[in-house]
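The chain that follows stands alone, in the form predicted on its own, written as structure tokens.
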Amino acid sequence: MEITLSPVSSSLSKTFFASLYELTNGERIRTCLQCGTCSGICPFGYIMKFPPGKMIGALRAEIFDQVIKADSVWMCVSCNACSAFCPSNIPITAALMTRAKEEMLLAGNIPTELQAALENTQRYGNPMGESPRKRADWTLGLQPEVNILGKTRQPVDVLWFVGDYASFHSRMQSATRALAKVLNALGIKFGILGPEENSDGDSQRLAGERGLFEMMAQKNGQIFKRYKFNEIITTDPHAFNALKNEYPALGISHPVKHYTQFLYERLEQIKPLLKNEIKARVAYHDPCYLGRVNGIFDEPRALLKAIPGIELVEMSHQRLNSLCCGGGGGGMWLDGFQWEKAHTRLSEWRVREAVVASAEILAVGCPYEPPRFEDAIKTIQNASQLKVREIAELLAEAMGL
């Protein structure tokens, strides 16, 4: 069947192609082999009208407007599996998928729930629409009091960038308090930004809102300048990724670690404090933006192995091939949309793997994951005994905090 190209089709395809060249390694899209690896490994590729490989085919055929008219790109959770396994090393997630989402936003083709999260981020500095004044409420009642830098103005060794879900989500606040207790037990001189902190913006960027990401980054960068600290630690792998890989291009550069890296460096100090045994088979879920994107696989596992009584087991998908929880790239704010398309959730697939591995605890290191996995447990047969615990929670329990 002959395809008739309209001027709009051709123009959009050429403009989009050119825009990819402005991105790091974006020109590699010309080396695509059309092997289908990206579409095959994409967790929702089977449900997309235009999975990644077919998107590139449409771009080459100069019919990319058909991709924009469809809405299947919103099934992408930016897990980076397509990029990790691409034999041509094309940055499919960072370039193709993210730029396509930008075009979708410009065309007004955006699910309502995602639109609300983006508007909340712009208005309140977080996607949940919570008041910035409540960002440090999780610290209430903790002793010693958590150092909120805007109040004390004290120099610290470590600036803890707590993040949105770790600050506001009711399920995550207990894990956030647990990490504060662990840091205190180690004698770490740390402080938080509290009400001055804004969303890191990384998931918003991957959902196509580059301008919003830059606005959040610049706000955080200005706040960082107010205080003296040696390094930053993050609760959230997405914040870690933003601060490590994206902020420096905007002139905001500081030494940064995910909290599991930071604690791993102090493992010999931690081991004598682990007095309580936790007898359980534990499966660790590799967060996409800690493991696959930034190569941090061993440090979280080493922390878990150090806890007396824990038997670490591996799920069938792990390390580079780990399954996504479904929360990245805007997925946290697209559950309704994606359920209508797929009638399943990635978090459910992961919980099934933990059950098959006979795990009693599913250990995680990302604030997106506990609420997602705990919801999934309610729907999966034989999963009711599975508990979801943040690594910080397990360490605090083993320390008797």
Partner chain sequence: MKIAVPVKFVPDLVEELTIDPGGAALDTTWLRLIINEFDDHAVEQAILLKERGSGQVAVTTIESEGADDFLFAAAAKGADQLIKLTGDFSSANNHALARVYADLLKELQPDLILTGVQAHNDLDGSVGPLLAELLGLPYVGYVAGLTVTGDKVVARKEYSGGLVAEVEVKLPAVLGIQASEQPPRYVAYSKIRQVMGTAKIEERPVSGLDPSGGTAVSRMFQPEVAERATMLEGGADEVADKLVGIFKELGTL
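Residue numbers count along the first chain shown, from 1. This structure is a prediction, so every number in the text was calculated from the model and none was measured.
We do not show the form predicted together with the partner chain, though everything after this point is about it.
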Practice task
May I ask whether E314, E353 and I361 all come within 4.5 angstroms of the partner chain in the predicted bound form, judged by heavy atoms?
Solution key: no
Handout entry: Per-stretch contact check against the partner chain in the predicted bound form, the hit in 132-140, 234-242, 288-296, 269-277 (non-hydrogen atom, 4.5 angstroms)
Key = 132-140
Practice task
Check whether S88 has any heavy atom within 4.5 Å of a heavy atom of the partner chain in the predicted bound form, and answer yes or no.
Solution key: no
Exercise for the section: May I ask you to check whether Q154 falls inside a 4.5 Å heavy atom distance of the partner chain in the predicted bound form? Expected result: no
Problem - Close approach of L212 to the partner chain in the predicted bound form, 4.5 Å, heavy atom - result: yes
Problem - Touches the partner chain in the predicted bound form: Q115 (any heavy atom, 4.5 Å) - result: yes
Handout entry: Listed residue (M75, I110, A100, L159) with a non-hydrogen atom within 4.5 angstroms of the partner chain in the predicted bound form
Key = I110
Completion exercise
Of Q122, S253, N147, N321, the only residue with a heavy atom within 4.5 Å of the partner chain in the predicted bound form is Q122
Handout entry: Sequence-ordered residues of 73-109 touching the partner chain in the predicted bound form, heavy atom within 4.5 Å
Key = L105, L106
